[in-house]
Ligand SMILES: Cc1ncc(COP(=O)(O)O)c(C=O)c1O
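What follows is one chain in structure tokens, specifically the form predicted on its own.
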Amino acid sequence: MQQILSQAEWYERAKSVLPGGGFGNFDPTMFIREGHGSRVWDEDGTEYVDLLIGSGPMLLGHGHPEVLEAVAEQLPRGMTFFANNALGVELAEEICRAVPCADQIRYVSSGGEADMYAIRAARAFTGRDKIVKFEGGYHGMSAEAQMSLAPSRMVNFPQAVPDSAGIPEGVRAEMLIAPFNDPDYIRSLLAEHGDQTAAIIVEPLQRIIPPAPGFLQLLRDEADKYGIVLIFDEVVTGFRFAYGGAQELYGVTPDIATLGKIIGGGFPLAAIAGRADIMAHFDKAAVGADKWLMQLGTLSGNPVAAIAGLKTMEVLRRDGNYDTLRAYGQRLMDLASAALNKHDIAHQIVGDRTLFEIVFTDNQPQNYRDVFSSDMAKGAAFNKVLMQNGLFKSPGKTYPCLALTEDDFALAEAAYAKAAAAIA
């Protein structure tokens, strides 16, 4: 039975068995005990409105009764088999119906894995090595993804800057880094390197920065021009922006999309979804040994995550849910802006109504460097006061969910007012 300890006591215990005392994801001094609906409680008993929601997957809120019921029915029947299971097939069918680019999918357990295999599939399909990535784009923890994710040193494009130790120098040579939302630069880069490039990988909404009008279509056109695989990292935006993801919302279809978070209903599950001719490289019988992309995972497509994802997606398909989610996000945006405007604090609300953040700058950010040059200290101070006043959130994102209540909005209004006053 779990001991009743304070957060400080748990942190002291964690430091002896976990590097830095945490899982690497969040403030290691925070220990969440439980979550219900739109609220979470820490080990000290402090209650918060949850605007982190597990970094995105709990779109319905914590412990949605229909999801819990579906999972409870599956648990006595088995949690994982390594072999195929029918629920995994049903979920794959629903993903392929929903996502424009998805002829077929292959399961993995995390979004980072999905991005890694998407890049590898593009290389297998094209026979090329170079990958175009946008500065500030997050695509998991692979060596390629850890290039120019959050550089503190700005170098000339397309040079890549490693964000982690332990990455071979050879990886840097195969990565081409571009500024997000810069059509002229991407055209010039591909004019020089297009015939060597296997893939362009991009978050349709880069962290919180929306694509400029026409930018995603430009990537589609340039990829077609040079025979490059266009990968949309929809681990965050898939089934959040719309039922068909950002590619449905923005009307641009990639060759591959990576999915995660929501498709597992709160359990570890992710997928690579793409065109049949590219996905064929996961099938040795279809492409032969030389072009086969080996991929397997102990928990990939396990039935517990599959049934949780199926039920979550069933709920999301119901009339009005996406309208409600966008209305909730807009309401939070308006509350934050009203509080900051009261004190004439320069700021921009950046992102989509389903996923956004407040950036303290005079101008609307168009790329990573714009956000990097904003008043980051003011942002950190603002978020700290929000946490102290009952809003649990990421330092860089706000995730609305469908479980928010009138009491939550009232708490958020008060928290935004206090945070704005504190930084005024």
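Quantities reported herein were computed from a predicted structural model and do not represent experimental measurements. Just count from 1 along the sequence shown to find any residue number.
There is also a form predicted in complex with the ligand; it is not shown, and the following applies to it.
A.B. asks: If you check 309, 274, 111, 238 against the ligand in the predicted complex, which one has a heavy atom within 4.5 Å?
C.D. replies: Checking each option against the ligand in the predicted complex, the one that comes within 4.5 Å is 111.
A.B. asks: Here the chain is shown alone; which of 140, 266, 351, 303 has a heavy atom within 4.5 Å of the ligand in the predicted complex?
C.D. replies: By the 4.5 Å heavy-atom cutoff, the listed residue in contact is 140.
A.B. asks: Does residue 203 make contact with the ligand in the predicted complex, using a 4.5 Å heavy atom cut-off?
C.D. replies: Residue 203 belongs to the contact set for the ligand.
A.B. asks: Is residue 207 close enough to touch the ligand in the predicted complex, meaning at least one heavy atom pair within 4.5 Å?
C.D. replies: So residue 207 counts as contacting the ligand.
A.B. asks: Heavy atoms, 4.5 Å, the ligand in the predicted complex: which of 103-111, 72-80, 293-301, 152-160 makes the cut? Say which one.
C.D. replies: Heavy atoms within 4.5 Å of the ligand in the predicted complex occur in 103-111.
A.B. asks: May I ask you to list the residues of 257-274 that have any heavy atom within 4.5 angstroms of the ligand in the predicted complex, in sequence order?
C.D. replies: Heavy-atom contacts within 4.5 Å come from 261 alone.
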